[in-house]
Each structure stands twice: as structure tokens, then as C-alpha cells.
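Single chain ahead, by itself, as C-alpha cells, in the form predicted on its own.
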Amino acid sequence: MSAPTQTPTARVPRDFVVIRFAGDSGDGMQITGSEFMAETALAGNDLSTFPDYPAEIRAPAGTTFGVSAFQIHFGAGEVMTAGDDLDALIAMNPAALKVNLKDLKPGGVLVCDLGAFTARNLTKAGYVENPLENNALSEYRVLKLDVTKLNAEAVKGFDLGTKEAVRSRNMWTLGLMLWMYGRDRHATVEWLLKKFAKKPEIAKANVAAMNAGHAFGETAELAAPSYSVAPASVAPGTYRTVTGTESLVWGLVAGAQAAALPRVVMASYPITPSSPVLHTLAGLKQFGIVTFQAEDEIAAMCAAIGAAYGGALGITSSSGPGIALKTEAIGLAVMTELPVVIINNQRGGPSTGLPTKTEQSDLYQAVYGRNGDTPLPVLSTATPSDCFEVGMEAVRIATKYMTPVLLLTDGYLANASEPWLIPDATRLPKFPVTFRTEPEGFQPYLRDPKTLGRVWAVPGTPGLEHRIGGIEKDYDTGHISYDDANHQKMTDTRAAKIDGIANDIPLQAVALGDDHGKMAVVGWGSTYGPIHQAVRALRAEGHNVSQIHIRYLKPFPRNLGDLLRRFDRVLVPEMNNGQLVSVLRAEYLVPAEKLSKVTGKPFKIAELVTAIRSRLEK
């Protein structure tokens, strides 16, 4: 029996909602989700998103491996993950239903486009029977709507071909969901008019499709209610929604400004999911940014080294396979002791692996993965907005200690988004570099006695002509040296320089809970959100559990070992097969326990709650 039409006063209040839009990669699911996100942010809700891309560039339409999805978790309180199970799933075809149905809650809203559930599409998705025509979906609130037909009717007055008309059905669905959750449409209308300014008929058709979907929700008797979600209470200030990539790029630019460097050179080679770092920096040339798409990963790394040698901040980015190719040149950056920020947007591996899925499996590579004793600092980002601070910190360490810095983020953080409180630029830290200009007593490896960082002399400075390279250097003169005692001294010095950074970073704090107790749940990178929510839920139940989240992975904060030993048990959830846990065991001899997940998707709060509770109750 259909529920009566809902009025605004009859909306069902909800504290939190998780929605996923899913369809073919050509169905515009990322755009649909992004516009729903924008309207939700303007409504004042806290939110977090999770775009999920297919690995195939042009997968056959209607197949399960071509499904693209966009998930958004929003609510009236703090949101720190993209959500666990779905409250609503919009499936634009049978393949989208097949791939995503397992994540929909019993009683959740399921919107299906009847027009796409053809015999051919059902076969492509692996269905023997049409699930919309049997009892397979009986535990959900199913809205079986011929979106294709309804959308065609909405746009028939515009001069569109059949193909162009079908492309706007995502806007029809967006309009329906904006109505269902009480979202506005103004920002999306403005975006459509701007995006298709040179094609006004397409702009008008998309607006008409969205309005038609919204009107359908207002007038039809649907088998699902409409909902209301109150605005979240947030600190005052100006906010904008950012992805991890945007936040990271702005942090790098802010870091270069803080270091008073007139030039930043970004050299990169395209790779998923790291390419947007290059794309975003390319749009910021007004800040002295030079971008260079190299012919391969090795060339990109060497170009960044050359830029640093010339007095600029060198930046390069890649993912695990590309970092592997850069490895020899990273060793050159360590030997020449030049400031280069190396970004690794981690993805599933090994080899090509899961190029569009997230993972944290490059920690060993970052800390250990080079020939010889080749130490460098390793930092990690925790949330999309945290990427800004970590980007700045990577620049500070690189320029102060004259060293390459490896910055670990991942595919989830790169593409996920959340509201970000825009900082006051006048209050950001400053750490201006000092270039060597005095010829008297100059040697290229003359070191600061405190940081052990060598001097930075820009080529062309009169009296400071010098050469550097990959062969071992004499400690005093910087000339080539094969002396055994000198190699021992230089190896020890390079290690001491990186170890000394521990004295220049914050002590490790507890992110949630007490600094001692029954269990510490220790994470790094993008596991921050689900761990935080899980620990908070368990503490509300009275469990003695705390959260520790590590930003500095090499060197560790100098008090980390003592902090870990204050807990009876240490559990380390990470999206790999147990890398941080083995490093902590080796470094501190603590009996840390691993909790691994390598499905290409982030941890769910519920699975962490279950895993932690089961150990606490032993």
C-alpha cells in the first residue's frame, strides 16, 4: 500500500542519512552526488562523501565492472566518515543494483529506473529474473519509476537529440532526492546555467529535468516518506567543501608562501588517483606555480630535484607503482639533500592492482623502500581538511632540514570531501628559508649544527659555484669520496638529521579518551574517522578504550613508545595486511595486534565497533 503524499510538516526527522547514487560511468553519478552534496552543505549539514569510480576507462555499458557511485553521509551532528549502511540507494540500471544492494539497510529507500531494466541489461548484470518483478526486494521501500520516460517527457520541449535527452535523467533523479530530503535547488540551477552557458538548450533541459523530478516527489503518492535533517552546530566562520586533493594542494601553496619561496615546480606523470594534484596546481600559476607533465615517473622526480637545486620547492606526486619507478631518483634527492615533497596517493596493489580503490599498503615502501640506508621523513594525512595542515608541514620540514619528504595520502582522501573552516591567512605559520649568499667559508655540505641540514645555495650566486650528485660526498668539502670512514660518517649524519626531526614535532597526543587504560586503538591516515566514531560509541557504552592517531610515521613522535606502553592492549586497524603494526612491534617491542582490511573500501564504523568490543570482552 502506498503512503500518502508527504507535506513539509509531515517530514520524518532524521539525525543522519547515508545516500548513494549509482549507475554507469556515463550516467553522471559523480555530478549528481556532487550537486546533492553542494545543496546539503548550503543547508548547514555536516557531511562526508565517497566517490567510487570503476577501474575500466570504458567498460561496456550495463556491466557490473562499469558501475560508478557517489556516496554522501550528512547529518545534524559531527560526520567523520562517508557512512556505513545506506538509507537510500538510487540504482540507474540493473548492474548498479547488483553491485550496491548489499549495502542498503532493511527498510531503506530504493529508487530504480524501470526504463533501464530491460532484458538485455538484466542479462549483462547477471540477473536470471527481474528483481523488480519478484520478492527479491521485499525488505526495502522500493520506488519503481520509469525515470527514462518521465525525464523524456520533461525535456521534450527542448531541441535535444535522443542521446542528449537521456543524459539528463540523472538531473531528474537528483530533483526527486532533493525533494525527498528537503534540499534546495538554487545552487544546482546556477551551476547548470554556468556549465552549459554556451549550450543554453542543454542547460534549460537539465534544469527542467531536475524541476520535474522535484515536482514528481511533491505530487505523487510514493511508497517512501520525505525526511528532514536539521542543520549541524558548527564553529563560526566561513566554510567551503573541499576534497583532500584541493586541501593538500592549497596546503603546499601556503607552505611555499610561508617559506617565502618565489617559485614552486610541480613535475608529475599522470596516474590514478594522483593526477588531480597536478591538475589543481596547474590552475594556481598566480602563486608562482610551474607545472610540468613529464614523459615518465623518473623524469618527473628528476625534474623536481632539478627545481630544488635551482632554489625552488620541488613537488612530485604519484601512486604506489609510480613511487616504485621514482625510487632511484628519490635516493638521489636524499644524497643531494634537497627539499622535495613527494606525494603518494595510495591505491590497491600490487602492480596495477585496484587503481580506483583505496588502500594504505605503501607504508613499508615509504619508510624502507629504497636501496642503501636512505632515510627520509614520512607524514600521513587523516581527513580531507587535514591535508592542508600536513601539506604545510611537509614544506616546513623539507626546507628546514633540506630533505625530501614523503607524504602519504590515499584514494579515499584524495576524492572524498567535507566542510572546511577556511583559516585566516594572516595567522598561518611562517618559516622563511635562508639561502646561502656569503662566499667566505662556503662548502656545499656545510651544515646547520642544530638541524644538520646543509646550506641551500642557488646556482649562479657569485662565489658559490658548486656541484652535487649521487656519488658519496666528503663530509667537509662535498667532493666525491670513497673513503670508508667518511661513508660511515655521512650515513650516520643523514640518519641523525632525520631522527632529529622528532625534537621538532609535537609529542603524540591521545585523539580520544585517556592516556592509559585497557586498550588503545592506533591508526594512521584515513582510518581516523571510522576509528574515532567507533571509539566514541564504545566509550559511551562505558568501555575503557582510547584512540591514538599517528601523523608522523618517520620519525615517530619521541613519546610514542611510552604512550603505547600505558595500555594493556594495542589494536592497529589499517587498510593493508599489517604494516604499521609490525613497525610498532619492531620499534617499541609492544604486543600490538593487527586488524586488516584490503577490500578497496574504508573501514565501516560498525565493523570496528564489533572488532574492538570482541577484544575488550575477552
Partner chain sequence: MTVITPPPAEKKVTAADFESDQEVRWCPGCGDYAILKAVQRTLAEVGARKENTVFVSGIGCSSRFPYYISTYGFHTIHGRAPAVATGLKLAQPDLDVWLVTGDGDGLSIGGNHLLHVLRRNVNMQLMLFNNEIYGLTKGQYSPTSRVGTRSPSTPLGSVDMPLSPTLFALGAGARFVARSVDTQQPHLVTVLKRAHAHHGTSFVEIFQNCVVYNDGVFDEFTDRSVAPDRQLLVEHGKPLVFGKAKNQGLRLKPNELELEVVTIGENGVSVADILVHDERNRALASLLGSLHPPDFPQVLGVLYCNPAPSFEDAVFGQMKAAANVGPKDLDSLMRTGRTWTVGG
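Positions refer to the first chain, counted from 1. What you are looking at is a predicted structure, and each value in this text was computed from that prediction instead of being measured.
One more form of this protein exists, namely the form predicted in complex with the partner chain; it is left out here, but the text below deals with it.
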Fill in: Partner-proximal stretch of 35-43, 557-565, 576-584, 57-65 relative to the partner chain in the predicted complex, 4.5 angstroms, heavy atom
35-43
Discussion item. My question is simply whether L150 lines the interface with the partner chain in the predicted complex - judged by any non-hydrogen atom within 4.5 Å.
Written reply: no
Worksheet item: Hey, in the predicted complex, is W191 touching the partner chain, heavy atoms inside 4.5 Å?
Response: yes
Worksheet item: Would P106 count as a contact of the partner chain in the predicted complex, using a 4.5 angstroms cut-off between non-hydrogen atoms?
Response: no
Practice prompt. Please check if T493 has a heavy atom lying within 4.5 Å of any heavy atom of the partner chain in the predicted complex.
Written response: no
Fill in: All of A95, G126 and Y364 with a heavy atom within 4.5 Å of the partner chain in the predicted complex
no
Response to the item:
Students should find that, of G542, G157, P506, G460, the residue having a non-hydrogen atom no more than 4.5 angstroms from the partner chain in the predicted complex is G460
Discussion item. Please tell me which of T219, T238, Q488, T162 lies within 4.5 Å of the partner chain in the predicted complex, judged by heavy atoms.
Written reply: T238
Item to complete: Output the sequence-ordered list of residues from 244-260 with at least one heavy atom within 4.5 Å of the partner chain in the predicted complex.
Response: W250, V253, A254, Q257
